[in-house]
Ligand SMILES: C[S@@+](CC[C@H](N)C(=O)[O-])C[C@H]1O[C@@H](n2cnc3c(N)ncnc32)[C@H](O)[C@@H]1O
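Below you'll find only one chain, the form predicted on its own, shown as C-alpha cells.
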C-alpha cells in the first residue's frame, strides 16, 4: 500500500491527525511567547480531492465529506479545523503545513521539509505567501533533528512519513529518539499506519523507552475493503494540558459519521 499523502487526503486518518494538529497549535497560541513548528514530511501542502491520486482511492468520501454538515456546536479545535478546511472550497484539502501556516501568529515560525522534488515544488508555491514560513527540500528526519531545539524553546514537531520504505518504523523511531534528546520539552505529533499490531507495539516501545516521560496515543479504526487503509495511530509526546479531553470530546462527535472506533490512551514512558 502507498501511504503517500495524495492518495489519502481527507480520509479518516487525515481528519483525526489534522484535528490533533489544530488542537496543539491552539494550545501553543495561548501564550504570547513565540513557538516553532517543524514538519518533517510536509508533502505538497494542498490536495485536489478531484485529482488523480485522491480520486483513485476515493477515501475523502468516507472521511471529510461526512463531517461537513456537523452541528454548529462542537469543541473549539474541531470547529477551527473544519473552518479552515471549508475556507479552501469543497475540492481543495489543506495538508499539515498549510493548516499550520494559517494558524501561526507573526512571531511564530514554520519549517516545512519535503524530499520529493515535485512535491517540494508544489509545497514551495503553496507556502510562498507566508512570511514566517520556510519550505526546505531534503531528508525530513535529518533536517528535523538538526533544527532542534528552536530558539524559543517552545514548539511542535510533526512527523508524518509516507511509509514507502519497509524499514520506516525503524527510521522513524531513530529520528524521534534523536529529536527528543535535543528537545525534551517539545511537543511531538507522529502519524503511523497500523498494519501489524506487533510491529506497532515494537515501534511504540522503542520510542517510549528512549526517555519519553509523557505520551498518549490516538488509535482510529474503520471498516474498509481488504488492502485499504483501515487503521492509523497518532503518538503525541508531551501533549498539552487538556489535549486528551478535547480529543475525546471531538471523538464523540466524529466517530459515528466516520464509522470509526477512536481510542485515546495515555502511555507510560521510561528512562
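No experiment lies behind these values; they were computed from the predicted model shown. Numbering follows the first chain given and starts at 1.
Below, we refer to the form predicted together with this ligand, which is not included among the displayed structures.
Q: Consider residue 96 of the chain shown here, and say whether it contacts this ligand in the model of the complex, taking contact as heavy atoms within 4.5 Å.
A: Residue-level check for residue 96: yes, a contact with this ligand.
Q: Does residue 133 make contact with this ligand in the model of the complex, using a 4.5 Å heavy atom cut-off?
A: Residue-level check for residue 133: no, no contact with this ligand.
Q: Answer with yes or no whether residue 88 is in contact with this ligand in the model of the complex, where contact means some heavy atom within 4.5 Å.
A: It does not: once this ligand is placed as it appears in the model of the complex, residue 88 has no heavy atom within 4.5 Å of it.
Q: Decide whether residue 239 counts as a contact residue for this ligand in the model of the complex under a heavy atom distance cut-off of 4.5 Å.
A: Because no heavy atom of residue 239 falls inside 4.5 Å of this ligand in the model of the complex, the answer is no.
Q: May I ask you to choose, among 147, 179, 113, 101, the residue with a heavy atom within 4.5 Å of this ligand in the model of the complex?
A: Selected residue: 113.
Q: Tell me, out of 203, 243, 47, 35, which residue has a non-hydrogen atom within 4.5 angstroms of this ligand in the model of the complex.
A: That would be 47.
Q: Would you mind picking out the stretch of 101-109, 75-83, 192-200, 157-165 that comes within 4.5 angstroms of this ligand in the model of the complex, counting non-hydrogen atoms?
A: Going by heavy atoms within 4.5 Å, the stretch is 157-165.
Q: Going by heavy atoms, what in 33-47 lies within 4.5 angstroms of this ligand in the model of the complex?
A: Heavy-atom contacts within 4.5 Å come from 39, 40, 41, 42, 43, 47.
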